[in-house]
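Here we start with a single chain on its own, the form predicted on its own, put down as structure tokens.
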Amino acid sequence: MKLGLNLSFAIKRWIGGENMARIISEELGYDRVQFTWDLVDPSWPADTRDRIAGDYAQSFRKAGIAIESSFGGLASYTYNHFLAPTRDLRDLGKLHLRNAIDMTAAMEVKAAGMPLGSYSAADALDRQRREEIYREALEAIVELSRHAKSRGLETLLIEPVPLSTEFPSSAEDALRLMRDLDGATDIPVRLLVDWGHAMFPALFGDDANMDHWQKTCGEFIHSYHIQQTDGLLDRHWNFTRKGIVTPELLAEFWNRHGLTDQTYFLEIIYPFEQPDDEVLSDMKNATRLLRAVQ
């Protein structure tokens, strides 16, 4: 398995490039990461934003850590973005990703992404409105792919999410999105699939398994988020806790499907109240469990 680390575990804790690089490399032993926008907000003034983001990028490279992509985090996920009910909000969602593309380019990172967004409660129940907003979202992603290419990016990523009011949520939705964008964008748009999102029986029933996702849209999957979950809620627990995902299952899936180029990014979200030393110890213990089956 090719293991990487989403930096969600570190938000509000280990801030600054040199400090973060030490935690990643010396304490946890990772050499590839996915940078989260919870550390640097794409909407900050560009000069200041890019200087702060650049400090992370430079420190990581100095420590031998590759940043494979940048990705929306908790703060970004709060908003409806491309599927919002008003044009003003959808335009702001478009600006959000454009700003993130610019920040990613300043970091000299080649891929950026986020979930597409969420419909309002009313629009989610209106098939015609959903389709109208979806078509507008496709146009926006095509336009942003043009901008991303001009800034030197090579890939845009979209994450399926476990809510029927969002898109894509199911593997079939994800396949539709990929086919609608395939060949229309200036750079490839691919999927980042979260194991905890995909394995959600309340929404997907018997299809709540990664084999179904791999069979349905595997050709478009660029990378994965891995997390522990109980299948009841989107937990983002670590593998030190019991649940329906195990390191052994991750390794078996990787080997059986002959994966080589994708990365498993460990994406763990801790309560802000949890002490830093407990978080770091838990991350170390979970990493040992994953390395044992790698």
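Residue numbers here begin at 1 and follow the sequence given. The structure presented is a predicted model; accordingly, all values stated were derived computationally and were not measured.
One more form of this protein should be noted, the form predicted in complex with a further copy of the same chain, which is absent from this view; the next part is about it.
Residues placing heavy atoms within 4.5 Å of a further copy of the same chain in the model of the complex fall in a single listed stretch, namely 32 to 40, out of 58 to 66, 257 to 265, 242 to 250, 32 to 40. Using a 4.5 angstroms limit between non-hydrogen atoms, Asp276 touches a further copy of the same chain in the model of the complex. At the 4.5 Å threshold, heavy atoms of Ala106 stay clear of a further copy of the same chain in the model of the complex, well away from it. Contact annotation for Asp234: at least one heavy atom lies within 4.5 Å of a further copy of the same chain in the model of the complex. Though the partner is left out of this view, Asp173 does not reach within 4.5 Å of a further copy of the same chain in the model of the complex, counting heavy atoms only. Against a further copy of the same chain in the model of the complex, the set Leu74, Leu92 and Pro271 is in full contact: each member has a heavy atom within 4.5 Å. Site annotation in the model of the complex: the residue of Glu159, Glu166, Asp102, Asp207 reaching within 4.5 Å of a further copy of the same chain with a heavy atom is Glu166. Of the residues Tyr134, Phe220, Tyr119, Trp195, just one reaches a further copy of the same chain in the model of the complex with a heavy atom at 4.5 Å or closer; this is Tyr119. Residues of 67 to 91 lying near a further copy of the same chain in the model of the complex, listed in sequence order, are Leu74, Ala75, Tyr77, Thr78, Tyr79, Asn80, Pro85, Asp88, Leu89, the criterion being any heavy atom within 4.5 Å.
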